[in-house]
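Just one chain is shown here, as structure tokens, and it is the form predicted alone.
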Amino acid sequence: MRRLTLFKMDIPYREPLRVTGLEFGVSHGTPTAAIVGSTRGDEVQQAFICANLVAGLKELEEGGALAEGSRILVIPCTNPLSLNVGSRFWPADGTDINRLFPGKADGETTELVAAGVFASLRGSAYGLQLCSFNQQGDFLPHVRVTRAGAVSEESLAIAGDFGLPCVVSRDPTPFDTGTLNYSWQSHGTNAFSLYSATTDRIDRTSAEQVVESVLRFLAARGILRTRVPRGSVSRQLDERELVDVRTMTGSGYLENNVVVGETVEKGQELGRVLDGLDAHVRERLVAPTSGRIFFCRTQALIQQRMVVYRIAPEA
């Protein structure tokens, strides 16, 4: 294992910003596989997963398990400043680095960071990004493929190698064009977004599940020569198949009755919205279909028309 400084920039009010990468295998050429953790300051679980992955890869490398000629690059955090100060986005101007790829070498600060990071990732055969969602909540661990390039269908065909419960495909929106995943695919990389159960808090069980899934994928692709326990037989879903459960009557306290991964029946009460003044039940949230809880919002306060649950319907 070698520690690399992939990008460095002086900033006026703190120590220099450094983006660090951990390199395994050969020390030249584009990565065979690149794994990127947190791009936002609240993605603690994603950075934690990368730290555990680094420990596992270090042990495997020392045991001679890396295939000859392979190069694996792990970047636990591309945005250490935001992580250090506890801000989801760039503290100075609120920009999101994961909406600025592939970056600009002569752009604004966050565009410089994105460009510096992407220079190390461009051309990777496989790109794995540990992602979070724009809504606060817990997920069923899964892998997503955005149909954003010529390699998308190939990526979908091999996404089951992760052995996670679900493979979710989706069509890109204009909002996606600045993401790392989209930029990777635009440059011919098979790109995957991996979702753990949590974002801003550590969940070791799902962290270990995602680490194992990454090692399983690398072994299936011939990058690692090791045996990894068999995972799930992944169910393939189009994102449009997921069924949303929204609040309708107004805001209040959210009281959940279910957790992510739980199987529910049509008509089952999933949670309740309680009034902010006297805690009477303003709304009961009911499952419109039978299936498995794919997403569950964890905020204590909820507003009208918010997605509270997403259900993967029965196959």
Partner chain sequence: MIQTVFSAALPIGEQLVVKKNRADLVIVNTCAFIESAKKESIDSIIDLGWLKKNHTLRGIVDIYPALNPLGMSAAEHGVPLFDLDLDRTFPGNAKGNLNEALAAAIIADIKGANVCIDIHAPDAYLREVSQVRVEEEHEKRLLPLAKLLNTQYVWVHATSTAQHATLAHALNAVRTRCLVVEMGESMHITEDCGSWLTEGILRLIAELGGWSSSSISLPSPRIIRDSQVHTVSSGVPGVFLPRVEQGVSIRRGQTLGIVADPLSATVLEEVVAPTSGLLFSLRDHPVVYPGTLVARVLEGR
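Residue numbers count along the first chain shown, from 1. Predicted model only: the values in this text are computed from it and were never measured.
If you look for the form predicted together with the partner chain, you will not find it shown, but the lines that follow are about it.
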Exercise. Any chance residue 251 has a heavy atom within 4.5 Å of the partner chain in the predicted complex?
Worked result: yes
Exercise. Is there a heavy atom of residue 293 lying 4.5 Å or less from a heavy atom of the partner chain in the predicted complex?
Worked result: no
Exercise. Quick one: does residue 238 come within 4.5 Å of the partner chain in the predicted complex, counting heavy atoms only?
Worked result: no
For this session: Indicate whether residue 109 is a 4.5 Å heavy atom neighbour of the partner chain in the predicted complex.
Result: yes
For this session: Go through 226, 177, 84, 205 and name the one with a heavy atom inside 4.5 Å of the partner chain in the predicted complex.
Result: 177
Problem set entry | Option touching the partner chain, based on a heavy atom within 4.5 Å in the predicted complex, out of 88, 187, 221, 71 | 88
Exercise. So in the predicted complex, are 201, 255 and 279 all sitting within 4.5 Å of the partner chain, heavy atoms only?
Worked result: no
Problem set entry | Region of this chain that lies against the partner chain in the predicted complex, out of 227-235, 154-162, 134-142, 208-216 [heavy atom, 4.5 Å] | 134-142
For this session: Determine the residues of 277-315 with a heavy atom within 4.5 Å of the partner chain in the predicted complex and present them in sequence order; the list may be empty.
Result: 277, 297, 301, 302, 303, 304, 305, 306, 307
